[in-house]
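Below, in structure tokens: the form predicted alone, a single chain.
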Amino acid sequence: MQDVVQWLKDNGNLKIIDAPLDVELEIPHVAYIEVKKDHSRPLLFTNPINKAKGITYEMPVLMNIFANQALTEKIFGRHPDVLAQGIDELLKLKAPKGLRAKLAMIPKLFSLKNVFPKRLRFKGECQEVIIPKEQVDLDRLPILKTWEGDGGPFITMGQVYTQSLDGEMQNLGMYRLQQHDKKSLGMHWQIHKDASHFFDQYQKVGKKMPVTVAIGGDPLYIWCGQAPMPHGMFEMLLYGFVRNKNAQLVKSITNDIYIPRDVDIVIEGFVDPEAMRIEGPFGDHTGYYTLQEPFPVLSVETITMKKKPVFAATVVGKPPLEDKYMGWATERIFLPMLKPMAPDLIDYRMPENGVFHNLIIAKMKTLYPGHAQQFMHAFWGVGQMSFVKHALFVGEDAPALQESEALTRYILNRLDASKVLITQGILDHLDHSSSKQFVGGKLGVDATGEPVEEGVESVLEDAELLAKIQAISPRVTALKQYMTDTKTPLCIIAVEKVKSQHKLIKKLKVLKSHIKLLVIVDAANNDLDEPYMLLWRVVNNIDAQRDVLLEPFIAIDATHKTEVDGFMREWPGDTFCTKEVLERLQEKGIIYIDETFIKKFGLLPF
């Protein structure tokens, strides 16, 4: 993979777009549309421009590198399940008994020498061009502005390399980086991340922190940057394991941090622990804007690059996105690492429309009452799994976790309020639904065991049930029921909200014979015929302690929250495309979409 563009031409059906397109909105919108297609492709924009700044860039922009599952598997060189099997074998290594067992172990032990990164004594290809501090100009890079409401342009696929104050630990993370001006970047390392912990060390002693940001190179570097490695373990160890060869690292020009020799662009600098600057807003992978907050600032000392660099970027917003395929690989590869803390875990899945940390579905072998609840607490107490908001557990007789419809039926036939656990715990930095940042409600559902005996007493047609509900509250504008043949039909209603929905739920007690599971969403920007996006909305918008009621039936309030709910934080807006940009791209023949596609994925408000 020395030439990633050529590799993608040969292996990934790379689509090349030669038309001059703006890094502000146009290029991100094209990538956003492409990755939502059934057979999405990686994209190379050969003529990026910036109309507002009057810039024509000298380097192309590469996007949607992880465009689909087949391409992701090719990037890894084998199916992630095969890699997971290798990890599982390593975790189960025992001292061999007998000569034959010892000889059989030699190949495994020999391959481990390739895991550890190799530090080179010479400069890398990424340092063919060195731009000194006085000539640094971040405007030379085609940094994208994805959404109209973004606070500026953001580097979205930056590999952020940091190290602890004593130099003993090194970390690779993938964080967004806002371009503040020509010589500084906002460092959005979230409070729970290793880089933030290193920053705390430098801040305590009042010392500037070295940071090196790499862009491009082997796509596997990108995946390693978001992999949930245990604290203190350098992510490039994972690269060596997957590639079965040492990552080759070179020293940064202005600090002691080592980065891969073959990345395209390197941005080096220092973070002053006393200097903070407002970062954001940014339309993030949750599909919502994250709000403005003060974050550290990287003052750039130098930029180095290949002679002919390629600028790698990704687009974030509402699912599906390319993180769907990166997340799929992460799920498979890290399954063996979860099993030691949950030995009877069979499989798990984090659906991309659950925005990963918002929903996990796990299949397990249940051995005793409360086993699923034990798993819930285990999941919520370890590493990045602790950020998961909603955990659903099914038995070993459940359908495959990828069979969404069959799995949903299985769960609805076993849903029982007495087996729903609501508790409190840590939340991801990006979560917007909790009343207090970083801490909020957790929901666990035990859907193992036999189907429940009692279902809803009588199922009404949608129109009839809607009429009964509207007689109680005319602000309910629409209703749709799903899977009415299960023990727990799913009833979804849309409302024009002016007050707390808890009051409506209490009034609907008179319809208990017709409703067993109720979900409430806002009438604006929710299509009740699109369950994929409804799941995205629900798991984003609820805090289980506040928004899930178990009486008179199970009810979920997934509306946006305001003062009427006792919610005093600012509620962010959706990431929406800019209509004029979509129309312009259609006129140029760059994209081809219709109203059905726009509505299906919530591209525009309605």
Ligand SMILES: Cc1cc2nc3c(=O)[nH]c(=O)nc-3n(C[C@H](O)[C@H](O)[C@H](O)COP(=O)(O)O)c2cc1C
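All residue numbers refer to positions in the sequence shown, first residue = 1. Model, not experiment: these values are computed from the prediction.
As for the form predicted in complex with this ligand, it is not shown, yet the points below apply to it.
For the options 227, 528, 337, 504, the residue carrying a heavy atom within 4.5 angstroms of this ligand in the model of the complex is 227. A heavy atom within 4.5 Å of this ligand in the model of the complex is found for exactly one of 494, 411, 452, 174: 174. Residue heavy atoms within 4.5 Å of this ligand in the model of the complex occur in exactly one stretch of 416 to 424, 311 to 319, 402 to 410, 369 to 377, and that stretch is 311 to 319.
Within this chain, residue 156 lines the site of this ligand in the model of the complex, having a heavy atom no more than 4.5 Å away. Interface membership of residue 189, defined by any non-hydrogen atom within 4.5 Å of this ligand in the model of the complex, is confirmed.
Taking the partner from elsewhere, residue 194 is found to have a heavy atom lying within 4.5 Å of this ligand in the model of the complex. The shortest heavy atom separation between residue 384 and this ligand in the model of the complex is within 4.5 Å.
For the stretch 231 to 270, the set of residues having any non-hydrogen atom within 4.5 angstroms of this ligand in the model of the complex comprises only 235.
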